[in-house]
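Take a look at this one chain, the form predicted on its own, written out in C-alpha cells.
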Amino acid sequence: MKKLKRKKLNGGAVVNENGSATREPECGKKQKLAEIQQALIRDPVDIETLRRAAATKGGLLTDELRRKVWPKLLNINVYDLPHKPGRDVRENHKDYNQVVLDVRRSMKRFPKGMPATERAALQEQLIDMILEILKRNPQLHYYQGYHDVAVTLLLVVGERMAIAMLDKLSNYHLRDFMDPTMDSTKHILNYLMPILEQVDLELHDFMIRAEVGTIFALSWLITWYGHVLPEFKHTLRLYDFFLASHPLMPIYLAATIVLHREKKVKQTECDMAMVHHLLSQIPQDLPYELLIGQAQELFEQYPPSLLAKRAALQSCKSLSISTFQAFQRSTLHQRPDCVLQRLTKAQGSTTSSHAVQHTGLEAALPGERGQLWGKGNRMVKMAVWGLSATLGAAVLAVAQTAMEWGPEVLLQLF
C-alpha cells in the first residue's frame, strides 16, 4: 500500500501560476495582515503575496480583508462594478422557477439569528444575482448547487461585487459545471480515484470493489463545499483557498478528506450503499488547515497533467483547466485601488465636462458601462446534473443523497 509522504508543513504555501504551492515559514497574524496591506497598495498589486495569504494558515483572516483581496484574485475592478439587476431580469426566464425553489430551500446558509426580513431581502437579491448572470451569459446553464456559491459571495461582499465575482467564476473556475450535460462534471470527478490510487492503493481498490463511484463528492465539488459544511467560517476558509488555487483543487481536497477517513472506510462493509453513506457525511471536526496543506502536497506530487496521462484523462476537455494559466496571468498587472479610484474620478470629471456639451450623455453612460462589463471574457458554458447509478442498493443510496437536493435532482440522476 502506498502511503502519502507527509512533508513537514510550515504553515504556508505560495500558489504559483500552475496552481501548485511552495512552503514558507509561518508568520504571525499581525505580520500577515501587514503583508496583505502592503501587497494591496503596490503598483502593480502583489498578487502572489495575496494568493499565498489566502492559501496559508488562517486564510484571509477577516471579511473586511476578503472584500479587498477576493476581487484582486479574480482581476475585478472594484470601481467598475455591474449595476444591480432590474426587475425585468425575472421576466420570462426559463430557470426562474428552479432558482426560486433552490433559494427558498437555502435558509440554513444564512447566519443563525438573522432577522427574517433581512434574510428574505437577501434571498431576493440572490435570485436576481443568479438570473442576471444567466442573462448576461446565455451560454451558461444553471445547476442546482450554484446558489450555494452565490450566497457565500453575497454574504461577504454584497450584491454588486458578488455579481462581478460570480460572473468571473462562472466563466472560469465553475465553467465545467455549467454545461448543458454532465460530461464535463464527470470528467472533473474522474480525477478523484487516480489520486487515491497513487496515494493508497488498498483504499482505492476497496472503493472499486464497493462500486461506490464518486457521486458522494458531487455536492462538495459543485458548491465548493458550501452545501455540506455546517459552519460558515469553514466555508469561507475553503473559498479563500480555492480562489487562490487551480480549478481542480476542490477535487484534491476531496481526496484528502477520503484519505483522512481511510480507517473508517476500510472498516465499513464493502457495500456500495454503506460506503456511499459513510463518505457522503462530512464530519464536523475535520482538521481543515491540515487537509488544505495535504491537498497542496498532493497537487505538487500528482499534478493534473500527470494524472491525465496515467488515467487517460484529457485535460483539454476541461475549459476550466485549459484556460487557467491565461486567467492567472491576467491577474498579474492590476493597479491598486487607490490608483483605480483616482482614475475613476478623473474619468468622471472628463465625462461631466463632456456632458455639458452633449445633451443626454449622462443617461447613455450607465448602459454603455454595463455593455462593456458584459463583454468580458465570455468562454464556453458549462454546468451540471445527471450521473448514472447502479442497480439495487446503489440506486437507493444515490437517491437518498439526491433527495437532499430536491426531487428535481433525482429526476436528472436517472
Partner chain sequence: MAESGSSLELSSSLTSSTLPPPRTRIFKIIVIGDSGVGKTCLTYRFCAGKFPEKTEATIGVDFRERLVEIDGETIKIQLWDTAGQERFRKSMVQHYYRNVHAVVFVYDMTNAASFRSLPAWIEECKQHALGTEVPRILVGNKCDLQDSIQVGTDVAQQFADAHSMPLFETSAKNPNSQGDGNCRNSDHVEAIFMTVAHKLKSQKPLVLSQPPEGSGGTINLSRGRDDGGDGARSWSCSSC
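A quick note: this is a predicted structure, and the numbers were derived from the prediction, not measured. Residue numbers count along the first chain shown, from 1.
Below: the form predicted together with the partner chain, not depicted.
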| query | finding |
| --- | --- |
| Touches the partner chain in the model of the complex: H147 (any heavy atom, 4.5 Å) | yes |
| The partner chain contact at D200 in the model of the complex, heavy atom, 4.5 Å | no |
| In the model of the complex, I215 touching the partner chain (heavy atom, 4.5 Å) | yes |
| Distance check, D337 to the partner chain in the model of the complex, heavy atom within 4.5 Å | no |
| Every residue of I163, H234 and L238 near the partner chain in the model of the complex, heavy atom within 4.5 Å | no |
| Option from 171-179, 129-137, 257-265, 67-75 whose residues, in the model of the complex, bring a heavy atom within 4.5 Å of the partner chain | 171-179 |
| The single option of T152, S318, S219, T331 touching the partner chain in the model of the complex, heavy atom within 4.5 Å | S219 |
| Position in contact with the partner chain when the complex is considered in the model of the complex, options L192, M272, A308, V89, heavy atoms within 4.5 Å | M272 |
| Interface residues of 278-295 toward the partner chain, as seen in the model of the complex [heavy atoms, 4.5 Å] | Q281, Q284 |
